[in-house]
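Before any questions on how it binds or moves, here is one chain, the form predicted on its own, in structure tokens.
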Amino acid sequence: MKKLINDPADVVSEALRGIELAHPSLRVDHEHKIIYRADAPVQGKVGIVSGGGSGHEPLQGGYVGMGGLDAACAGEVFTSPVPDQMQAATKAVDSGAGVLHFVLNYTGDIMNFEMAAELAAEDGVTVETVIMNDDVAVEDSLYTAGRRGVAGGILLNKIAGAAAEEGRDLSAVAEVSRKVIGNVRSMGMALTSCTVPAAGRPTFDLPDDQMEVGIGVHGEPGRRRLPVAPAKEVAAMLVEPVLADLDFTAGDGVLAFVNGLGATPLIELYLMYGEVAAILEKAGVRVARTLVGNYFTSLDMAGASVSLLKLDDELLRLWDAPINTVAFRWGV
């Protein structure tokens, strides 16, 4: 294992120290491993809290800030945050307008956020929860009941953050959040495994001449293992199941998102986007907005995912609204 770390046990806490030093617009609660926007709680605004295992950076802390999340709870690598973290974050961002929890659909995350919501309710905080479950690759797995939450959650963070910034109430922000989840579908693939620092070895074995199609962001098995194929064929393997799951030809176009899993360079991601765009054009799907880059990673895994978000006037306007976070910054 070759990594720029000190002690594997300290990776998350030391990374959080670096985040705080690098970004004065954020503040970090090191005891609870929570990243906050510096001005939270914002008076009169619905608070938005998300979180999950570390190792997916810039998710979730990279989306904390004006127009995004109010707080992100950092679990250990690929491990859900604990309820105490989520409860602390929920109380800290509540200004009286209530708090929205965004939870990736993994069993541990769901259970811990449910417990945190119950604890917050005892503290007098009104909480609503939105489950992110955009992965079309598998319906159920060892880690989930229903579909997994993957890169589509990035788009949710942005759009819901803009709605909250407008001053919408809790039910209205939850409503637009659920519209996003209903309109987004994703699928990914991997060329290599990732290596969790504490383990010191690859999470799973993937021969050099094979790829995993439909893989989960923690290395969970996908739909099938196949010989490595050209990018054009890989793009079709990812896009066609997404198009088969939801009609993307109607509405005001789509946001097409090609996401890298950590070790795939931009030259390959942009090449992939070219193939994705060609498939969408042939299918009669109009691309209104694009996003290409490493936004929801899996440590050092080589691979990519494709997400499509069906847009309407409201979602398009909220996507274009100003945001100032580590990962997204425009309109400010």
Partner chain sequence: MGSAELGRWLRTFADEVTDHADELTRLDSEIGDADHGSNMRRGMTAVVGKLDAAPDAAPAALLKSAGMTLVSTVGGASGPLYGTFFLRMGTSAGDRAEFDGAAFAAALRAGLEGVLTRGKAQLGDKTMVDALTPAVDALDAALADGASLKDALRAAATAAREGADATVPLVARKGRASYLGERSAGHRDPGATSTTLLLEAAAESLG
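Positions refer to the first chain, counted from 1. This structure is a prediction, so every number in the text was calculated from the model and none was measured.
Another form, the form predicted in complex with the partner chain, is not on view; read the next lines as being about it.
Using a 4.5 Å cutoff between non-hydrogen atoms, residue 254 does not count as a contact of the partner chain in the predicted complex. Looking at residue 148, you'd find a heavy atom of it within 4.5 angstroms of the partner chain in the predicted complex.
Taking non-hydrogen atoms only, residue 183 never approaches the partner chain to within 4.5 angstroms in the predicted complex. Not displayed here, the partner chain is approached by residue 220 to within 4.5 Å at the level of heavy atoms in the predicted complex. With the partner omitted from this view, the residue of 79, 249, 126, 129 that lies near the partner chain in the predicted complex is 79 [heavy atom within 4.5 Å]. With the partner chain omitted here, the record of contacts in the predicted complex names 70 to 78 of 88 to 96, 70 to 78, 240 to 248, 160 to 168, defined by a heavy atom within 4.5 Å. Every member of the trio 105, 111 and 225 reaches the partner chain in the predicted complex with some non-hydrogen atom inside 4.5 Å. The partner is not shown here, but in the predicted complex the stretch 82 to 104 reaches within 4.5 angstroms of the partner chain through a heavy atom at 82, 83, 84.
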